[in-house]
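First, one chain by itself: the form predicted on its own, in structure tokens.
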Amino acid sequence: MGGRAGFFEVEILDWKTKKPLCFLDKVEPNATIREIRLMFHKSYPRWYPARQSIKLDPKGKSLRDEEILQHLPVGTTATLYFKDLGPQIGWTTVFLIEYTGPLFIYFLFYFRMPFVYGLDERFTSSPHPVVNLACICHSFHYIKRLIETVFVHRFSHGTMPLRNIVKNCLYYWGFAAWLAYYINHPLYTPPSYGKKQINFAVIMFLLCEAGNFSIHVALSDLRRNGSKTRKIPYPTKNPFTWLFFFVSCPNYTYEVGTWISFTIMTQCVPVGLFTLLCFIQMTIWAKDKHCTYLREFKDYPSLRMPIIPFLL
């Protein structure tokens, strides 16, 4: 079965059973993987492009949408493998669901709904100003995230598996309820060092939030024209982006800093535990992204570390 002059023939097999699923004839040499996904979708409407993982090897990595057929290590008769990723959900929708939950869940405890702490009138409000401040900061953080989701973020991957939304929501919503319960509890005690500790934490919180937002805007500007091509992010005239001189993922650095400041502000163990888990997860993400940068760019700045300058 030889390829016709000027065209490729593409056979798509099931990645597990190796059963032939589709044969595409007269495929242009400059066709992208995205275009091949669309052709495959015409034969199998239930497998829309976002559900498809197209690979050169059954156990290999998925090919990127922008990769071109004639640049792949295949002959004029190419064999590709398909894996169903399952139902997908858009990242914008994911973030809106994940971040809206903690915002409203926190209010249930802040306003001390009767079913939370009981009906005793002494439990209807807190005498500690830091409790009000914590609610403002927590709300500001998630409102900022929602605004960024709608107006700032540009996603390299358009979707994620629908099944993951339950796990993500349990994490964000569950921790929001846990830390809100203790911060707003009638028996809550304010920080040991009083206003000095609280004021220091608020200043740190605002600086980290500003830094996080600045990094997200800088990263978004790299994809302003809709391109999904990865580029090296560099510092801009905005001083908050100068952290790019030292780390690959300063948005994670600032995010961890935000939660450290919230821990200092509230002096609450559940907040500290949440901060620790955030740091562990973001370190994993930062290391992965750092390795990707090093692999894809030979001229990547050697001074940069994944998340903590000079250390980690």
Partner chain sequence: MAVSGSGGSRADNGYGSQQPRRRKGPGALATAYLVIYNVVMTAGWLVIAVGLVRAYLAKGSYHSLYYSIEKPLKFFQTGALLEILHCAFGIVPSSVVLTAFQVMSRVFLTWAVTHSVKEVQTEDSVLLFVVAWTITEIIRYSFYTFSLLNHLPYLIKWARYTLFIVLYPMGVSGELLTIYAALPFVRQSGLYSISLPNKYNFSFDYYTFLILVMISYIPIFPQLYFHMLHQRRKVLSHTEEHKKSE
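Predicted model only: the values in this text are computed from it and were never measured. Residue numbers count along the first chain shown, from 1.
Beyond the structure shown, there is the form predicted together with the partner chain, which is absent from this document and is the topic of what follows.
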| property | result |
| --- | --- |
| Partner contact for Y182 in the predicted complex: the partner chain, 4.5 angstroms, heavy atom | yes |
| Contact label in the predicted complex: V166 to the partner chain, heavy atom within 4.5 Å | no |
| The partner chain contact in the predicted complex: N225, any heavy atom under 4.5 Å | no |
| Touches the partner chain in the predicted complex: Y188 (any heavy atom, 4.5 Å) | yes |
| V256, C249, C268, I36 - the one with a heavy atom within 4.5 Å of the partner chain in the predicted complex | C268 |
| Residue among F95, W178, Y172, F240 with a heavy atom within 4.5 Å of the partner chain in the predicted complex | W178 |
| Residue stretch of 280-288, 53-61, 38-46, 259-267 approaching the partner chain in the predicted complex, non-hydrogen atom distance within 4.5 Å | 259-267 |
